[in-house]
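Taking the form predicted on its own, here's one chain by itself in structure tokens.
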């Protein structure tokens, strides 16, 4: 073999060897470590945030560091609308979203957004822990419009009205107040039916809106009211409990479809554990938040059953407008004991 042929064959051999090496090594390297980006509007330590942080630690331990979760709390990646949009295109993988903004995307979820659809928080928990909860997650995952995978439910307690103008001791006291609601027509209509002026607005805009008087108040659970520092600018908290809305941990479908079945199974397993852990964390945090706002001098107003019934009766127009298509599902929800 002449020198020229030898060099040519040597070059081909090296090239083939390098190609084989790259083919073998790059996928292995690519799978060596994958950081899943997670986000929440709430700060570190908040029950929904802490549950996902713990889930990440379990995932990291189970995969020897190959999979982990990087949490971006405190609206670092925007409000829930932006979080949904980023998850839909795979710019982030995990987001904790209220059912409120998910209702317009997957209509069946709106049944959980109806006022007073649950008798109380324990009733809501039994519903999401059972067949109805599983069905709703499956509908979210199967929806071509959502582009998301429903992993699990998370508790968010009951939502009540707070404002900067006056204590709301009866339904009449709501009249004329500009009250921020999540961006879902059902919520805006609910507040309007109660006599207030419902204004759709992102949670990330709310503190400034309260501070500057763009809105007079809002409605949310005690931990959100407390951790968002809204109690500093809205001193009256009335336990209307007009909405009891569970929250969903979602995964980007674009990212999910690229993962192995084994990794999907691990994430599913740990998310179900996160659902239980978050509930315990939530109950503890809710008590702490109520203690904090009371110590800060916030006037917390409760209602007798007779006054609470006036709130329930007032939202009949909302049920007349939206409720008919959910009638069968509502019967199933009400039958859960």
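Positions refer to the first chain, counted from 1. None of these values were measured; they are calculated from a predicted model.
Keep in mind that the form predicted in complex with beta-D-glucopyranuronic acid is missing from the display, and what follows is about it.
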item: Listed residue (308, 54, 37, 42) with a non-hydrogen atom within 4.5 angstroms of beta-D-glucopyranuronic acid in the predicted complex; value: 42
item: Option touching beta-D-glucopyranuronic acid, based on a heavy atom within 4.5 Å in the predicted complex, out of 163, 113, 160, 98; value: 98
item: Partner proximity in the predicted complex: residue 220 to beta-D-glucopyranuronic acid, non-hydrogen atom cutoff 4.5 Å; value: yes
item: Residue 180 within 4.5 Å of beta-D-glucopyranuronic acid in the predicted complex, heavy atoms; value: yes
item: is_contact(residue 203, beta-D-glucopyranuronic acid) in the predicted complex, heavy atom dist at most 4.5 Å; value: yes
item: Any non-hydrogen atom of residue 247 within 4.5 angstroms of beta-D-glucopyranuronic acid in the predicted complex; value: yes
item: Candidate stretches 90-98, 259-267, 165-173, 129-137 - the one whose heavy atoms come within 4.5 Å of beta-D-glucopyranuronic acid in the predicted complex; value: 90-98
item: Neighbours of beta-D-glucopyranuronic acid in the predicted complex among 77-95 [non-hydrogen atom within 4.5 angstroms]; value: 80
